[in-house]
Each structure stands twice: as C-alpha cells, then as structure tokens.
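One chain comes next, on its own, written as structure tokens: the form predicted on its own.
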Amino acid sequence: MGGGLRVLRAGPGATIQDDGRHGYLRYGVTPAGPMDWVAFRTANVALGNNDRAAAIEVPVAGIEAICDGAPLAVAFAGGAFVWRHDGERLPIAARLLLQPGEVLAARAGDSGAFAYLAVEGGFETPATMGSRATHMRSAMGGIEGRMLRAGDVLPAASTRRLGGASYEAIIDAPWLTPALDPFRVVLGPQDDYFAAETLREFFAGTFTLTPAADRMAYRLDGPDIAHAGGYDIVSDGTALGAIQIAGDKNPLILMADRQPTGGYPKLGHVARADIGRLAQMRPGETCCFRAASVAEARAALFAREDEIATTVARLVPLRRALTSEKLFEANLIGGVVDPLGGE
C-alpha cells in the first residue's frame, strides 16, 4: 500500500503547489505556483526532489495531517512556523520520517506568511496542463482546484522504508532568515510614466503591507506615487513581482496568482531573488525598495540558486528532546527479572 498524508485540519489558504503552470500565459492561464519559491525549493531539495515536485503551501492558519499507509519522508521550510510531530515541538525547518498514524501539525509562529510541506517524490494529485499547482480563481489544479480541507487524501509519489533515526535532520538554511534589506527593483517597462522626482520618492519611502494582500497581489500603503502622464496603458503582459501603480497612487505588487495582462503602468519589478522574502510579509509590516540593474538582479538570483543547492550539505542531525514523559515511556532496561516473579 502506498503512503501519503490525510488532512485532519486545514486553515483557509492551504493548497497544493508545484513550480507553476508555465507556457500558457498567452492563452490567459495564470502560472500559480508557490508564493515563496525559495522556501518551496529548499524543502524539496532536502528530500532530493526535483524543482517541480508538488508540496503543500501552508498559510498562517496552519494545517494538521496524519501519515497514512506507509512510512513517509517529509520536509518543511518557510516562515518561522510552529511545527509539532505527535505534539513534540520541532525546528522551523526540518526533514523527518513519519510512521503510519503519526500526526504533523503546523501553525503560525513569530514571523512569516507561508511554509511548505514536501514529501519524497512530491504529491501525486491530478495534473492539469502539465502542473499540479492550485489556482482557485479558475478552479484548476490541486484537489479540484480548491483549498485543502479535512478528509483530503494526498498520495505521495514514493515512500521510504528505511530506518529513520539518521535520516531526521534540521534544515540549516540561513537564506530563509528574514532580512531587513530593501527589496531590489529593476525599473521598467513603464517607468517613464513617472517623474524622476517621483521615482526618488518611491525609493526613499517606507511602505506598509495592507490587509488587501493575497496570492494575486500585495497592496502597499505609503507615499503617493503620482503619475506624470496618466495611469491607463494598453494592457500588456505581466510578470511576477511587477509593481503596478493604479489611480490610487499606491503600489500593487503582482504575485503568484497574478492576472496574465494588466492596464496600469508598471514602475518596475521586484528582483526574483527577493520575491520569497516579500511573500513572507504579513499585513502591517513595513518595507522599502532600492533600484537595481538587470545584471545585479541576475547575479542575486544565481547566488540564491547556489545557496539552495547546498541544502543537503547543510543538514544537521535532529536530536529529539529527552523529556521525563519519554523516559517513562521508554524501555531503558530489558530482561531484568522482577523479584516478585514478573519481568
């Protein structure tokens, strides 16, 4: 019997995501995929999965799932969530083996908006147009194109049947630690819709993420970004991280579930290397931006890719805490004869 996870509880926003549904934007199909591609890929690399393996995107509302069928290798990474294995607290990023009947649960911690729960080989949910990524607005991918809910069964592509003690590890990934650095922005393609002074104000300003933030876009509040020549353009294609400035003069940054085309001027694009960190913001948190060249953005992306590639080499053995409860449960001395006649 194959292994997998059965969902016991899932907060709003929990979905199946893989690397995304690419090659269909010209037909109006949104890529979807993970909000934080860096954390998503880190969890998968820890298991030896390829970049496209489907995982669970866990929102701040959390998730709880039970191992079904066979032992299952899992890994998780992302925001500073609170993870528990059968009630035992775990690090914020780790790899471990689940035995049938064991429960893994996550809830929001001190920071971060998303975490990713991957299984060895990825989840084998149905694929649509070559991808398992969930896009809820079009009811495509994942489990019937919707959020996960209690009772959903998520089969894994493969199961591991080896001993688990040496396999369990902490994922030591410093690139997932929140940083306060400004987000790098490559100007264009419609930066000429804004006066030079307005662009200086944008890069000098501090912005707050509003509650109007979801998988489609993050809306920021801060200094007004005034247009020099109107705010309507002929609709053109959009890309991940595009910073649109609509009539309200506030930045709107397009995310994983962005629309394929848009009709507002795009001041610039957040560098892909910084998208994961941007995605981990919670409403009320602040940020700022700085201008970057295409060459700098490319170099930052390659550097991030190189960091993720070191994930397995940086794994640290996970040593479980030895509590008094575990001592009482453990058979520390075997074969001792009870003087009253029992073993």
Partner chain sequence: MLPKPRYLPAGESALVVEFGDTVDPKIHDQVLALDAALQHAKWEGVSETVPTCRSLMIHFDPRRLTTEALADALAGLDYAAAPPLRRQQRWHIPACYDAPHGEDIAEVETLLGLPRARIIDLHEGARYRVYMYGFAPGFTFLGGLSPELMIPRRAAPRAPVPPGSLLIAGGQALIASCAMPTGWYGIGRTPVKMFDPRRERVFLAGIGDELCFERIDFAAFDAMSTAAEAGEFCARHEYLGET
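All figures in this text were calculated on a predicted structure; none of them were measured in a lab. Positions refer to the first chain, counted from 1.
Not pictured, yet referred to below: the form predicted in complex with its partner chain.
Residues placing heavy atoms within 4.5 Å of its partner chain in the predicted complex fall in a single listed stretch, namely 270-278, out of 270-278, 55-63, 42-50, 311-319.
Contact annotation: D236 falls within 4.5 Å of its partner chain in the predicted complex, judged by heavy atom distances. Proximity of T128 to its partner chain in the predicted complex: non-hydrogen atoms within 4.5 Å are present. Under a 4.5 angstroms non-hydrogen atom cutoff, its partner chain in the predicted complex has G28 among its neighbouring residues. In the predicted complex, S111 stays away from its partner chain, with no heavy atom inside 4.5 Å. This chain lacks the partner; the member of A105, A217, A157, M140 within 4.5 angstroms of its partner chain in the predicted complex by a non-hydrogen atom is M140. In terms of contact with its partner chain in the predicted complex, the residue from P182, P223, G188, P100 that brings a heavy atom within 4.5 Å is G188. Using a 4.5 angstroms heavy atom cutoff to its partner chain in the predicted complex, all of H22, Q259 and D306 count as contacting.
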